[in-house]
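Listed next as structure tokens is one chain, alone, in the form predicted alone.
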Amino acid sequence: MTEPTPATESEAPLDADVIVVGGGPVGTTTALKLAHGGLRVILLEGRDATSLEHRATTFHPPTLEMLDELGLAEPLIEKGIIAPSYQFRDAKLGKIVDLEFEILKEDTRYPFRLQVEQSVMTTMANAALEAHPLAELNTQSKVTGIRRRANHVEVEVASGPRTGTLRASHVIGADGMKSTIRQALDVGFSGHTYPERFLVISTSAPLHELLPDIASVNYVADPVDWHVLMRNPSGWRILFPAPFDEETPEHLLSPENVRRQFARVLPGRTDDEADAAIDWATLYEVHRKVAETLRVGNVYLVGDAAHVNNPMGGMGMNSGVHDGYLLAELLVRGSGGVDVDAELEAWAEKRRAVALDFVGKETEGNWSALRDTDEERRAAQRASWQALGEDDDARRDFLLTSSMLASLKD
């Protein structure tokens, strides 16, 4: 761990109360929450804002409640697709159970999943930051390191309008799995990489019309052909497993293989028909890793800088937004003279525990259940899912967990 360097009398005044490094959905919402709380914030993003990726597409109820406090929930809902339920299915047997969120109407103002690309929300948050008098948004600003001083933190910026050294009372690393901030702190990031990559295909085919019994979100179990179907405003995404030991990335992304995978969902298409329906395909590795700590003095890690996990369940981005929102609440309270050091330590411990014991276990459990090869266990899992459709109390408990509401309980 790095140790703080003593302050000197000649140091310049602080440039901000908080510097947030990383301008994805977690960094932007954290910065906006801080600015709403009256803190001066500088957000540094190394990329051009227009190039931010579209990976996450699910917003869970508690995330929407947090975004509502920032004025983002309603405009985001207008641009997204409300999923009032989601399904567990079997690749050969079809629908097993349809789980309706209506049973959570007493637990949340938003009893549904919202399907919309994360870049839509990030764009909205960027616009809100640019309009806020206490926020400063800088893109194309590459952070190369930090120095912890006795009473503040210095951030080294190698490009962009703020090139040089910036000083703030607090620094938040929201800069992704390869976090410069985490590496500068020498914080370990342990875990594992999954034994298969994920192939994601985006299609303009109206699967909700061609497969009329599906929901907007569907987890399809099969020992070989498991997959996930998710509807978004731009079309449908289909996620397939792609084992490391079978094919090269070039083969997996070849038109022939992409068509073959697409045919699992929509068989009988000609090559030309399939090509016309497939918008793009991408391949990525999946990890489950957690930082050994989320706090070193006045430097904090949130989102993928703090933890990454399997995307089964759409919990990664949501959990990161929760990290930053809850941290910002504490920093705002601390700025008013309240001693929140013990609460900040508790925040770091609780959010790390959520990543390990809640998000990690839930997402890995979903992945394991979909791909199980043992027929006896698969039958038992189907029976368990079917039972949720018949027991209101069990269904509510299950959805409190899968919607992440349970992760925020004390």
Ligand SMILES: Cc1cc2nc3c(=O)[nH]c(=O)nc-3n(C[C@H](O)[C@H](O)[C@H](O)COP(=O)(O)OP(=O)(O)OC[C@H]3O[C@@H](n4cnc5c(N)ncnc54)[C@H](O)[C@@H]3O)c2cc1C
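Note that residue numbering begins at 1 and tracks the sequence as displayed. Since the model is a prediction, treat every value here as computed from it, not as a measurement.
Omitted from view is the form predicted in complex with the named molecule, to which the following refers.
*Asks:* Taking any heavy atom pair closer than or equal to 4.5 Å as contact, tell me whether Q261 reaches the named molecule in the predicted complex.
*Replies:* No, Q261 stays farther than 4.5 Å from the named molecule in the predicted complex.
*Asks:* Indicate whether Q118 is a 4.5 Å heavy atom neighbour of the named molecule in the predicted complex.
*Replies:* Heavy-atom contact with the named molecule at 4.5 Å: present for Q118.
*Asks:* Heavy atoms within 4.5 Å of the named molecule in the predicted complex: does A56 have any?
*Replies:* Within the cut-off, so yes.
*Asks:* Please tell me whether any heavy atom belonging to F244 falls inside 4.5 Å of a heavy atom of the named molecule, as the geometry stands in the predicted complex.
*Replies:* Although the named molecule is absent here, F244 would stay clear of it in the predicted complex, with no heavy atoms inside 4.5 Å.
*Asks:* Look at the stretches 183 to 191, 330 to 338, 263 to 271, 304 to 312 and give the one with heavy atoms within 4.5 Å of the named molecule in the predicted complex.
*Replies:* Checking each option against the 4.5 Å cut-off leaves 304 to 312.
*Asks:* G46, A174 and V200 - do all three of these have some heavy atom no more than 4.5 Å from the named molecule in the predicted complex?
*Replies:* Yes, because G46, A174 and V200 each have a heavy atom that approaches the named molecule to within 4.5 Å in the predicted complex.
*Asks:* Does anything in 14 to 31 come within 4.5 Å of the named molecule in the predicted complex by heavy atoms, and if so which residues, in order?
*Replies:* V21, G22, G23, G24, P25, V26, G27 sit within 4.5 Å of the partner.
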